[in-house]
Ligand SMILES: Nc1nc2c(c(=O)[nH]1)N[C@H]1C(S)=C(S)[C@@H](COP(=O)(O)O)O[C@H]1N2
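Take a look at this single chain, the form predicted on its own, given in structure tokens.
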């Protein structure tokens, strides 16, 4: 077993080292990108201070909850302006769910193509200053510089979100029959940097559509907007939202990748068409190439699992009994089965799944491995969800989004 690193003495007791984010900051010193140390997590909920952070544009300026207001307009019977206190008087709903960046683990796509070394589940530090969305200031960086500065792993966490179902708010305004989508706009503002596009494609010769200065926005199809688990959240993990996580009010879209989870809600507009949102039609898309006429927005996550112990760096292991363990989740609901192989996929055995009642939350799994023979072993896991989808679901795509492939762990037993 991996030794648990000791931390500080807390309230009179020796404590384990607590998981910490690895941040990258913008030119003003604000954290705009940080990854979750998945190998250090225990339990189901990611501590807020270890919860991943991605901001595509400049973060919104902090708004005091008493001063916060957002609008509902468009194809509604009653256009509204609501305060945070208004939505907090409505029936509350708590949803526990995984949120995963669409680009999480894209390094594994590159590794499968032979274009990168095998990624590690143990995080290594990324560029602290200017390592996310302002690398293209001045001279264009090389793709090697970008990939080194911005690793893709660890951009996934699980939280408990408390707020109000979006459909309750929309019903208050009255949805007209011709409405087909909810256009949500955040207070965050800026000019999209092409660096994330270069990183995701592994190329710097991609044509970049410059939309100018924009607010972050997404056009959510009405059926998903009206799902009771799609909520406007004011609390996270039992406390009010932190600013960087979208306070005072953010969208939570269980099962869909994190780019849909609009922070700092400014405006909700009901429309009878899908507007040309940059982060829906130019970036965060699935397709075989930039010219693919059938490319589509990233939406539902695939079916995914990974091994958190052991990892490659834990070698060599001693002969004896080991607990192989990991996490599994799906964009289509609950995980119902996890299988484990210790012989590179030749044979598979069912793992024990820790059951709970939250269909959008990942499940912890484990299996006991009794190994008596020294040698080299390849450990793999694969998940099945309640829709019958078996890992993997998402094929390679040119922006390398929604990776859910089966990843090997190479260990030696002595």
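Residue numbers count along the first chain shown, from 1. All of these numbers come straight from a predicted model, not from anything done at the bench.
Here the subject shifts to the form predicted together with this ligand, a form of this protein not shown in this document.
Quiz item: Ok, 57, 38, 50, 361: which has a heavy atom sitting within 4.5 Å of this ligand in the predicted bound form?
Solution: Exactly one listed residue reaches within 4.5 Å, namely 57.
Practice problem: Just give me the single entry in 262, 268, 166, 233 that has a non-hydrogen atom within 4.5 angstroms of this ligand in the predicted bound form. | Solution: Flagged contact: 262.
Quiz item: this ligand in the predicted bound form: within 4.5 Å of a heavy atom of each of 216, 258 and 284?
Solution: Spot residues vs this ligand: full contact, yes.
Quiz item: Would residue 101 sit within 4.5 Å of this ligand in the predicted bound form, counting heavy atoms only?
Solution: Residue 101: yes, in contact with this ligand in the predicted bound form.
Quiz item: Applying a 4.5 Å heavy atom distance criterion, does residue 186 contact this ligand in the predicted bound form?
Solution: Answer yes; at least one heavy atom of residue 186 falls within 4.5 Å of this ligand in the predicted bound form.
Quiz prompt | is_contact(residue 245, this ligand) in the predicted bound form, heavy atom dist at most 4.5 Å | solution = Residue 245: yes, in contact with this ligand in the predicted bound form.
Quiz item: With the partner left out of view, is residue 121 within 4.5 angstroms of this ligand in the predicted bound form by any non-hydrogen atom?
Solution: Residue 121: no, not in contact with this ligand in the predicted bound form.
Quiz item: Of these, 298-306, 173-181, 245-253, 81-89, which stretch puts a heavy atom within 4.5 angstroms of this ligand in the predicted bound form?
Solution: Going by heavy atoms within 4.5 Å, the stretch is 245-253.
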